[in-house]
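This document starts with one chain, in the form predicted alone, laid out as structure tokens.
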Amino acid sequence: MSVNKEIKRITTHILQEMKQRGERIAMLTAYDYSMATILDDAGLDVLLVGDSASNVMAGHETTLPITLDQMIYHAQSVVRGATRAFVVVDLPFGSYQGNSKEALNSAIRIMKESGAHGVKLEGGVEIIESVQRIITAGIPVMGHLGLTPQSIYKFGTYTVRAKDEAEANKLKTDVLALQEAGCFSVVLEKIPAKLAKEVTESIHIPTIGIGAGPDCDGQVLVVNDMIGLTKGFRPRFLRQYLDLYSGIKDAAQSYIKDVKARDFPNEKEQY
């Protein structure tokens, strides 16, 4: 009799152990059940239900318009497809800034209604009260520093952050504050590789880089960019592993051709 070996769920504890032994953490975004199933089967450690859904799923220019209800919907879909990966969900813009009670309520809704395993917040000392309140309630929090897309109108550009000394020093202060507050990990986005290495070596929680060089404890990309579903988005930090845009377009054009020529469906494709 064959016994199915139980699939072990990735936890914050396992991610911590991975950093300690130098094993890199592989993380991608996911927004729906089908993609989550594929990525989970592939063996991803962490799936991020990113507020980037605002861009790649809904077609908005920024991440700002997506709502808490919409994030919960995407998170529910991903959780249903993930049996092994640790699922983290972005708290969307406006659901946690400036009000730690609202932040806690937002995080509780995500955890209760989606079944996810943790939440991610952008920012450092400015949002530390919200981070502490959420962690005190028993909810794992992933931080996010560097380029924080929810602050895009403040930055006015998507260029590399923390290149000057003042911003680099603030990032170092912020990362220590997030660690002290109890964050289990922190994303470092679009910062100089040297700074990311320094930060990664200075803290005991895992860092996940996106455009932050090779020395972070893990890496994350937006899955739609990584598999070439998005057209014309080619930042330096992106390695595109597939060209699904062309593949799907070609398939659709073949389908159109077969329909127009009355070649589809054929005799074997009818009842």
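Residue numbers here begin at 1 and follow the sequence given. What you see is a predicted model, and the numbers here were worked out from it, not measured in a lab.
This protein has a second form, the form predicted together with a small molecule, left out of what is shown; the following refers to that one.
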Contact flag, K120 vs the small molecule in the model of the complex, heavy atom cut 4.5 Å:
yes
G50: heavy atom within 4.5 Å of the small molecule in the model of the complex?
yes
Although the small molecule is absent from this view, report whether V187 comes within 4.5 Å of it in the model of the complex, heavy atoms only.
yes
4.5 angstroms heavy atom contact with the small molecule in the model of the complex for V222
yes
The small molecule isn't shown here, but in the model of the complex which of L68, M226, I210, I205 has a heavy atom within 4.5 Å of it?
I210
Answer among 240 to 248, 226 to 234, 50 to 58, 35 to 43 for heavy atoms within 4.5 Å of the small molecule in the model of the complex: the stretch 50 to 58
